[in-house]
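Only one chain is given next, in structure tokens, and it is the form predicted on its own.
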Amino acid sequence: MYRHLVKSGRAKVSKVALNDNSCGWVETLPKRNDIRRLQGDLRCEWVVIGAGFAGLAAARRLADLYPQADIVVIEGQRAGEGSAGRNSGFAVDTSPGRVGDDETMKSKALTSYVINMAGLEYLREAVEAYGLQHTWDGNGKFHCAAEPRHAGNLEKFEEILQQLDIPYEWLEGERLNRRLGIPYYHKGIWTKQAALVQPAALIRGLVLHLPENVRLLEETPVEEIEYGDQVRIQCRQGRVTADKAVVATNGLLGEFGLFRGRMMHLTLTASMTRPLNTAERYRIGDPDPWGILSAHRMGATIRYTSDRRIMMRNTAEYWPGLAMSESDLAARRKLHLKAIRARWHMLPELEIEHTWSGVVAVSRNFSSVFAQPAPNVLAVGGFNAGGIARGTGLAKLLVDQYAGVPSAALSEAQKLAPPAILPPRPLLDIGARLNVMRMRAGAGRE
């Protein structure tokens, strides 16, 4: 573990996520009316900022270890309607990342795998304890290549899986086509420990089953935070004063005065179709639900969901404004529909119902924040598009470290280097756009 010391100081929070209201995961759920907001000032022992997967994991673990503590979770939006509920729903066990043959890459892959599995197990425990199986499919995920030139990435990935003794299965040709219901991909690796989730529904389920000593305040954006012997948080509706804080705001940690200039955002867009009818399902062989991550980093991420919808995410852009307008989304909706038609040409009448955007936080060296910036402050973030499992695992392990609860997973998390410093703007803007364009050009049919 590394420390980034903040003895005292104040940070004004000026940048917040401004999301559209068309996320398919959210819109297919019943509307919520049980929103509790901050009203006036309150005092607590622990405050957790952020009600995404990391924040909720931290709150749950704190409640496990300190059942008498008064714990407050603050969320600027509604829980599950920000980035945590907008992703593609992959709770990843392991992924290719920047794999290689040398021991350093192998060690990084092992660390990532152990952290992810810690997060998966902690989420799985909650799913079973709270009866949230309807949000969870624990049958793994696929990494697939549509072009022979990208199969080499899968072969390198397979080497790492073999070296680390991670369970997987190689599929190709007709066998892969039957499993997916589309003759588009040639080769694939099925990693069997991952889970596919309905992210907004899972967050909502975790919120509904928060421990008794945890209070959630939603639609309570933070305007200013002051660190010191106590942590003082100024919101629009009042102030929260806490003895200790967990800042679990992922890519917005810099807005809270922590690890500035170490994470950047990519804006992604996705679309979801209406459910396939019975005739359409049997036209593609009525496959079981599945999820695909492309063999190429800029390839499409696709879900065939348990309610027989298709989700397509095939754009990733450096978009400093973060949020996209309706016209921006309409343009990307056309790209999503084109990609769906290319894969499911036997379903020409299938249409899109929902299109939305969301952001992911990435670091230059693909590392994450796992730190205690001050004696009474914990910080976690920068999950590099793996926030469900990695964010859950790191947050739970960070609380374990504070409480002195050792484990093999904690030992791996303590090996993480801090996210590397990014170049200043406008150099960052220029470099990020050029890099994204370069990677997109190499994706081909992926």
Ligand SMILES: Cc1cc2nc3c(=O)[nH]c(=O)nc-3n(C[C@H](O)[C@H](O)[C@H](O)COP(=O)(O)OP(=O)(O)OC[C@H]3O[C@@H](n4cnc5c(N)ncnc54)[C@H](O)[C@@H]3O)c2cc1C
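Everything numeric in this text was worked out from a predicted model, so none of it was measured. Quick note: we count residues from 1 along the sequence shown, nothing fancier.
The next section is about a form of this same protein that is not shown, the form predicted together with the ligand.
Residue contact with the ligand in the predicted complex: Gly393 places no heavy atom within 4.5 Å of it. In the predicted complex, Asn384 approaches the ligand with a heavy atom inside 4.5 Å. A residue is said to contact a partner when one of its heavy atoms sits within 4.5 Å of a partner heavy atom; Phe90 meets this definition for the ligand in the predicted complex. Proximity of Ile74 to the ligand in the predicted complex falls within the 4.5 Å heavy atom cutoff. Although the partner is absent from the chain shown here, Thr249, Phe256 and Leu268 each have a heavy atom within 4.5 Å of the ligand in the predicted complex. The stretch among 131 to 139, 220 to 228, 324 to 332, 177 to 185 whose residues place heavy atoms within 4.5 Å of the ligand in the predicted complex is 220 to 228.
Interface residue among Leu62, Ala51, Val47, Leu398 relative to the ligand in the predicted complex, by the heavy atom within 4.5 Å criterion: Ala51. When the ligand is considered in the predicted complex, only one residue from Leu206, Val369, Ala146, Ala84 comes within 4.5 Å through any heavy atom, namely Ala84.
Interface residues of 354 to 372, taken as those with a heavy atom within 4.5 Å of the ligand in the predicted complex (partner not displayed): Gly358, Val359, Val360, in sequence order.
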